[in-house]
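One chain follows as structure tokens, the form predicted on its own.
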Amino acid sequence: MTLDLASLAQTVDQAALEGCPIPMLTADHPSLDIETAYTVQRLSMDRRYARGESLVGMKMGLTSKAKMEQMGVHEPIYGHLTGAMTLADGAAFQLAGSCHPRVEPEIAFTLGTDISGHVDRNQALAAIATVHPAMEIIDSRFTDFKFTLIDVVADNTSACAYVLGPGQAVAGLDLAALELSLDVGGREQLKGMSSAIYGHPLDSLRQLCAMLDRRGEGLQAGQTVLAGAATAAVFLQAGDKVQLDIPGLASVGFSVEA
């Protein structure tokens, strides 16, 4: 049976739009592979663009080496960010319309120049205009938070929202030695190092460029790249005040409302 990829894209798009959990795609379509999942991801993004959303950047997922080994994969996964996913520093995130929202502490880059293909660390560094403390709110749309790698990719790697703190120049920063301290409502405090992000956040950016290059794509000046999480994700609940502190960078935060 031929897969109706447009229909699968509509399914994941509607789940994200309405905040209604859906069964795993792979439950009914076990033949789905990773490349087909990326096609579904892009078709679902096309639906967003048709509604007026615009691409503003990319996000990396599965950047932890331990998590990749656990999942049996050899490289991270990526998703797309739109302007509708941005949440201002200090703003409130509304739980209504989400399924299983969790927050992760990240390092983000704003690009100053276009970058594509296979690049080294120096080239990746040269393309960065500013570096930011950031948090990503992920929200898997699958019932009971159960899914496979294929499902996650098709679901735009659970992208929901992200918060950027103030940016600063990269000069003088050791990007692999930043300590991220996340506080979620005073009930969860996690610490992680930026080296947990694919060994080095610049290597995460480099890997993203290489993966996009396979499809003849690249990154553009002005776009934001979320390099990946430095700790496990924490479930969000109404009333949470969420704060990320990174010595050497600014702080960033948001609140959670029902």
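The first residue of the sequence shown is number 1, and the count goes up from there. Please read these numbers as outputs of a predicted model, since none were measured by experiment.
Although not depicted, the form predicted together with 2-oxoadipic acid (OOG) is the subject of the following passage.
K.L.:
So which stretch, 82 to 90, 99 to 107, 121 to 129, 170 to 178, is the one near 2-oxoadipic acid (OOG) in the model of the complex (non-hydrogen atoms, 4.5 Å)?
P.N.:
One stretch meets the cut-off, namely 99 to 107.
K.L.:
Check each of Val225, Leu208, Ala37, Ala229 and return the one that places a heavy atom within 4.5 angstroms of 2-oxoadipic acid (OOG) in the model of the complex.
P.N.:
That would be Ala229.
K.L.:
Would 2-oxoadipic acid (OOG) in the model of the complex be within 4.5 angstroms of a non-hydrogen atom of every residue among Gln41, Met45 and Tyr49?
P.N.:
Not a single listed residue reaches 2-oxoadipic acid (OOG) in the model of the complex, so no.
K.L.:
Does at least one non-hydrogen atom of Leu149 fall within 4.5 angstroms of 2-oxoadipic acid (OOG) in the model of the complex?
P.N.:
Leu149: no, not in contact with 2-oxoadipic acid (OOG) in the model of the complex.
K.L.:
Hey, in the model of the complex, is Met71 touching 2-oxoadipic acid (OOG), heavy atoms inside 4.5 Å?
P.N.:
Yes, Met71 is a contact residue.
K.L.:
Closest heavy atom of Lys67 to 2-oxoadipic acid (OOG) in the model of the complex, within 4.5 Å or not?
P.N.:
It does: once 2-oxoadipic acid (OOG) is placed as it appears in the model of the complex, Lys67 has a heavy atom within 4.5 Å of it.
K.L.:
Determine whether any heavy atom of Ile138 comes within 4.5 Å of a heavy atom of 2-oxoadipic acid (OOG) in the model of the complex, and answer yes or no.
P.N.:
Ile138: yes, in contact with 2-oxoadipic acid (OOG) in the model of the complex.
K.L.:
Heavy atom within 4.5 Å of 2-oxoadipic acid (OOG) in the model of the complex: which residues of 140 to 177 qualify?
P.N.:
Residues within 4.5 Å: Phe145, Phe147, Val152, Thr157, Ser158.
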